[in-house]
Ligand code: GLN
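One chain comes next, on its own, written as structure tokens: the form predicted on its own.
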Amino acid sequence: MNIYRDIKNILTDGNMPEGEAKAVALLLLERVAGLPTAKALIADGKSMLCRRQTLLEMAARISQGEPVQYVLGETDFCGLTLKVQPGVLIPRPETEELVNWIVEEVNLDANLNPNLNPNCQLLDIGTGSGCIAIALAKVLKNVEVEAWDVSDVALDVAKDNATKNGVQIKVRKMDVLSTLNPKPSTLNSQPSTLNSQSSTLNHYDLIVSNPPYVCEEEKEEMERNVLEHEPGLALFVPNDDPLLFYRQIGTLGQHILKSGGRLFFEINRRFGKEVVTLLEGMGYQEVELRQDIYGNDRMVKAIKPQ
């Protein structure tokens, strides 16, 4: 009895495409049973009796739509292994591109280089699993990294992931939509002020955020495993205000970014030009829009004027 074939059959019976089922079966055998591909393909059920039932149960959960990352309890990101669980958004490959852009920017700018600027401070807003903050802390050795999230579950996972990957980050429970008083409603509104909770915030060299950006109306285009299992709090914005978080964080950056500081966003591919226009209207300079590996508008950088 071939365990690889049995897992693959469960997955394909759940309407998973053949190629994806093969890849997932091999991943389960590698992560759960420690088998490399060559051995996984020929492993028989008898030699794996102690793990066979676990593997088949995991395959069944995946076939019913549960994300494989939640079933495994972990995922890979920027060469790191990160814990993930329900209530925390699963990191995407596109976000790795954002991390790489930030590292590239820091390496090109001596003022941001933590080796030359030991007080360089970075803030990750809406950290989720901590993937961005931890990946950057791992590469930018001397940078001080702070991570915010409104979710207690996310903050606990981010703490665990930081410890697991040997980096120090400061995590803080913060609802970014409540950091300003009053909340900005339009570009032409009166200048906002920081509320009492935010008035003691440090001034940062870099702010990065992958905020909620999927419009509610886009739900019908999304995969079932995302809709039914990943946290809506980290995914969705109202149809009538798709730039909600970019406007709020951009306004906050006017208060807590240092002069010449950088703001980086991951964005909804539908609103690249709108985010650029928004940030330019707020007075940010050198606003740059980049595409991901699929050719979609996905990342924006802006600089606070000196």
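Model, not experiment: these values are computed from the prediction. The numbering used is simple: start at 1 and walk along the sequence shown.
There is also a form predicted together with this ligand; it is not shown, and the following applies to it.
Using a 4.5 Å cutoff between non-hydrogen atoms, N210 counts as a contact of this ligand in the model of the complex. The closest heavy atom approach of K170 to this ligand in the model of the complex falls outside 4.5 Å. In the model of the complex, this ligand lies farther than 4.5 Å from every heavy atom of H203.
Using a 4.5 angstroms threshold between heavy atoms, K219 stays clear of this ligand in the model of the complex. No residue of the trio V88, D149 and K159 has any heavy atom within 4.5 Å of this ligand in the model of the complex. For this ligand in the model of the complex, the listed stretch (101-109, 159-167, 71-79, 210-218) containing residues with heavy atoms inside 4.5 Å is 210-218.
Among L140, V84, L235, M174, the residue placing a heavy atom within 4.5 Å of this ligand in the model of the complex is L235.
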